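Just the one chain here, laid out as structure tokens, in the form predicted on its own.
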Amino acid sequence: MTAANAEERVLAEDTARRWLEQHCDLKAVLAVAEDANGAGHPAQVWRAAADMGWLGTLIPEKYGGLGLSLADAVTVLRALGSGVMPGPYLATMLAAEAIRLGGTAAQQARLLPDIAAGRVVATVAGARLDELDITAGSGGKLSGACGAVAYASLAQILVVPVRNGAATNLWLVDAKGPGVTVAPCQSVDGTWRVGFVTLHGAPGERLEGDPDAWWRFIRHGAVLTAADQLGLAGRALDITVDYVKLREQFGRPVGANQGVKHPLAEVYVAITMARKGLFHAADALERRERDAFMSASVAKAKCNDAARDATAAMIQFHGAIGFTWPHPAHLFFKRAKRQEYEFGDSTWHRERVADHWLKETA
């Protein structure tokens, strides 16, 4: 895979941010959240994700993608996360990454071009790591509850992790095929849609390329999800800082008070450290360094915390208006809360780091 240079990354991020401001601003996102019965899949957002190459950031060029690095994908997703962009773009990018990591050349050639071009929606079961309950029967028939799956009602391709003794393998399922039941359910996060998926002897196809793909995918998935969180956190802080500079009490901006400045400064530091950790983890995973999994855990934990604290501060320091439905603060907070538990919450990742160091020092 290749990597964009610094100027190209800045341009890619700036392009994505400008597109969101012009075509999918926070008012448009709020409209998606308010339409509880809608698909949560704005057509113009999906076309942009395909036309601008966002869906194919990590897909090799020979399959219609850009063939860029994880750090480049982090850059793009940080920009999209800053706009709380709705739609199945992240779910589809994650599914494509699972196929890239675990599929054979034939499987990749068959599936990835359609994903890069936006011709299909794909998604992944098991982003909540405690919801793995799928078994493979004879003839590759899969059964069990997949739990809550992003955009399950829209997806044509479902990537499913299946436990096989101590190992976990990645399988593909036709999301519209026999043996697949999707029960729509409500999510606290109105910027996406979720369905509870159950498999009843659904025909599956195992990704045969790399038997360790699931464990690599957890780390890549954690980093990609964390990138969306980081963009969310940064935008939440920017909006809050702009607001406290203008809002006045007793003839002075509230941002001049230490009780406001200091907590926001702490959030800024947390976001800065999370950003450094995230790009380090992306580079470490790209190079397949020995301790790359630990870098990914540190990055996800830091981004979880930064997004939680930045979006909570957004509500608090906007005062009463921050608790109202028309204000976008709740969109940021709810999305941060939902993503906190995808590919491992902070406690799960810190336990992984602690276990590693205890074994290293024993």
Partner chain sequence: MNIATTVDTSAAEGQAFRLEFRAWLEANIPHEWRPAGFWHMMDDQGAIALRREWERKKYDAGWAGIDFPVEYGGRGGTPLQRAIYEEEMALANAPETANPQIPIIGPSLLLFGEEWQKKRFIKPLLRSDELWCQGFSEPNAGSDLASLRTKAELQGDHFVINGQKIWTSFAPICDWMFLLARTTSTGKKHQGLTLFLIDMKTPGIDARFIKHMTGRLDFAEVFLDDVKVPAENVLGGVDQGWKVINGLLREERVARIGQYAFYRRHLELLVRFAKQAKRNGRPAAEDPVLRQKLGQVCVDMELLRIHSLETMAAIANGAGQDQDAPLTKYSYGETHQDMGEVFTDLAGAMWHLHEGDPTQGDVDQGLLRELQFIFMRTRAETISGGTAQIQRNIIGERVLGLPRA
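Positions refer to the first chain, counted from 1. In this text the structure is predicted, and so the values were computed from the model without any measurement.
Separately, the form predicted in complex with its partner chain exists; it is not shown, and the next lines address it.
- Contact between residue 330 and its partner chain in the predicted bound form is not found at the 4.5 Å heavy atom cutoff.
- Although the partner is absent from this view, residue 177 stays clear of its partner chain in the predicted bound form, with no non-hydrogen atom inside 4.5 angstroms.
- When contacts are judged by a 4.5 Å heavy atom cut-off, residue 221 does not count as touching its partner chain in the predicted bound form.
- Though the partner is left out of this view, residue 298 does reach within 4.5 Å of its partner chain in the predicted bound form, counting heavy atoms only.
- The chain is drawn here without its partner chain; in the predicted bound form, the stretch among 315-323, 46-54, 301-309, 333-341 whose residues come within 4.5 Å of it by any heavy atom is 301-309.
- Taken together, the three residues 261, 266 and 277 all come within 4.5 Å of its partner chain in the predicted bound form, as judged by their closest heavy atom.
- Taking a 4.5 Å heavy atom cutoff to its partner chain in the predicted bound form, the contact residue among 182, 132, 120, 273 is 273.
- Contacts between stretch 334-349 and its partner chain, counted in the predicted bound form as any heavy atom lying within 4.5 Å, involve 346, 347, listed in sequence order.
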